[in-house]
Each structure stands twice: as C-alpha cells, then as structure tokens.
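Shown below, as structure tokens, is a lone chain in the form predicted alone; questions about how it binds or moves come after it.
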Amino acid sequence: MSAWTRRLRAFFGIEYALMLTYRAEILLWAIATCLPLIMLGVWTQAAESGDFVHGPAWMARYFIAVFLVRQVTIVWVIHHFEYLVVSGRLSPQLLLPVDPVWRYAVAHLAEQACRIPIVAVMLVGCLLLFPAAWRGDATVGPWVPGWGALVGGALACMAAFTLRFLLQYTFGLFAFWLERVAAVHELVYLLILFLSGMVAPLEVFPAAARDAVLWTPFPWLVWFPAKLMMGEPAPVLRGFVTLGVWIVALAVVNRVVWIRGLKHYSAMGA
C-alpha cells in the first residue's frame, strides 16, 4: 500500500503541475461546461411565467447544484486515450509497473483540483445573481444543506464520476480497433445530456417518461447527486445500488476489453 501511495502521489504531483501549466485552458474548459448555468436562466424564467410544480428559487437552486455536480464529474479520458493509441504513444506507458488507468484517473483529479478556484468564483457569481436560490421564496425555504446532504452528495458525485470514467474509458479502449471512438461516444453523451437532468430536471418530465428514465444509469449521474446536495428527498438506496451495479459491470467489461485490446495492439507491432 505504501508503494501504491507513493506512486499515486507522484502521479498527482506530475499531473497537477502539468494542469497548472495549462491553467488558461482549464479556465476555458470551465466556461465551456457552464451549460447548467444557461439552463438556470431559461428555467427560472419559465417557472415565473409557466405552470410548474416548482418555482424560480427551486429551479435556480437545482441548476446551481447541477453545475457543481458537472464540474466534479467531467471526464475526458476517451480523447486522450484515443490519441495515445492512434499515435502509438501508449507503448511507453505499458512499460511502467502501474496500469495506465490509474494515471488517467489521477490526471482527472488533478484537473479538478486546478478547477476549484474557478468554480468557486463562478458559484459566488451565481449566488449573487440569483439570491433566491439560497434565500428561498414562498415555495421553498433557505438553502442550508445539512451534513447528511453534503456527505451524501459528495459520495454520489464520487460514484457518478467513477461510472462516467469507466463508461468513457471503456469506449476509449475500442480505439484498439477503431480510429474515431470519441465520435461514437458522442451518441452516448447525447443521452447523458438529455436524460441525466442536465438540460431539464426530471420533475418536469411526464410521469411515465420519468419512471422509464430512472431505469437507466443516466439520471443517477447528475439528477441524483444534485438532489442530495439540495437536501431534497431522493431514492438514496436505489441510487447508490444502481450506480454500484453499473460500476461493477463496467469494470468487468473494461478489463475484458483491455486484455483483448492489448493483444490486438501488440499484434500490430507496438
């Protein structure tokens, strides 16, 4: 364990220094992933003029929570891995005594650590622009999440990040056979975009559609952690069980595809 700890710490130090080198690019990434903030403005205006179950304060609070969830669950490993395989630069990493997946995971954590100051500034700006989100209104009280909500939301975000990482990395492994796996993954991202609660909360879905969507892994990636962070009632047991089952299943598939992909990669003279 001490050897693994030293290796992971070394990876984190290297990746964190690398991310700091490209801090301006990380700023652009953070701005580019502020879709929830755009939807915040859209849905708060719709809630003021439309007949919705929840009012503008709830909508603002929800999309601010979605924004936070989004910032800590962003995954980009498929683009990096595809480049390494297609360019042949994966070969040196295979000589290291550590599976490359650990370095990719640590790189994501380092990138998130560099993103913290940017996200904090954007969060404060949102709370100042939409004070009803934390003050509340006639329909909801002040946003004061307790320790249970904070811990539950953090655990849900960790599980959601793990699932998204495994999903994208598993798709990335097909770069051993295909050259543009990132383009294929965009189809899955469309499902995540519209069914995870990132564009619209599940509460505005028709009841039948909402029940059907909850049988997929997508709403548990965004909607579920956001609800926990808000301190709102949520199917906690079902959410964590669903995330756990999908994580285990994808981990098994990932290892099978990795082993077969390595054989195919070696056969090409890498």
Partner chain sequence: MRRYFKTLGLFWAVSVSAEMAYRTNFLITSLTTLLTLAGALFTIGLLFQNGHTPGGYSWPAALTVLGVYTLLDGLQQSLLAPNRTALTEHVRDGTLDFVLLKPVDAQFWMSMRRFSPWGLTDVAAGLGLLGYAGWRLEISPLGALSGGVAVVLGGVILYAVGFMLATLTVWFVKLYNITIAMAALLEAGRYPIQAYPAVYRTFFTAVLPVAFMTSVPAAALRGEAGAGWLLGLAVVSGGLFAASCAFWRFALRFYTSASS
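Numbering follows the first chain given and starts at 1. Since the model is a prediction, treat every value here as computed from it, not as a measurement.
Only in words, not in the display: the form predicted together with the partner chain, which the text now covers.
If we take heavy atoms and a 4.5 Å cut-off, which stretch out of 154-162, 138-146, 183-191, 95-103 is in contact with the partner chain in the predicted complex? Selected stretch: 183-191.
Are 38, 129 and 204 jointly within 4.5 Å of the partner chain in the predicted complex, each by at least one heavy atom?
Looking in the predicted complex, the three residues 38, 129 and 204 all sit within 4.5 Å of the partner chain (heavy atoms).
Next item on the list: Select from the listed residues 212, 245, 236, 28 the one whose heavy atoms reach within 4.5 Å of the partner chain in the predicted complex.
Entry: It is 28.
### Message
Using a 4.5 Å heavy atom cut-off, which residue among 58, 43, 220, 67 comes into contact with the partner chain in the predicted complex?
### Response
Spelling it out, the residue with a heavy atom inside the cut-off is 43.
- 4.5 Å heavy atom contact, residue 240 to the partner chain in the predicted complex: The answer is no: residue 240 has no heavy atom within 4.5 Å of the partner chain.
Quick one: does residue 208 come within 4.5 Å of the partner chain in the predicted complex, counting heavy atoms only? Taking the distances in the predicted complex, the answer for residue 208 is no, it never comes within 4.5 Å of the partner chain.
**Asked** How about residue 119: is it within 4.5 Å of the partner chain in the predicted complex, going by heavy atoms?
**Response** No, residue 119 stays farther than 4.5 Å from the partner chain in the predicted complex.
Q. Does residue 199 make contact with the partner chain in the predicted complex, using a 4.5 Å heavy atom cut-off?
A. Residue 199: contacts the partner chain in the predicted complex.
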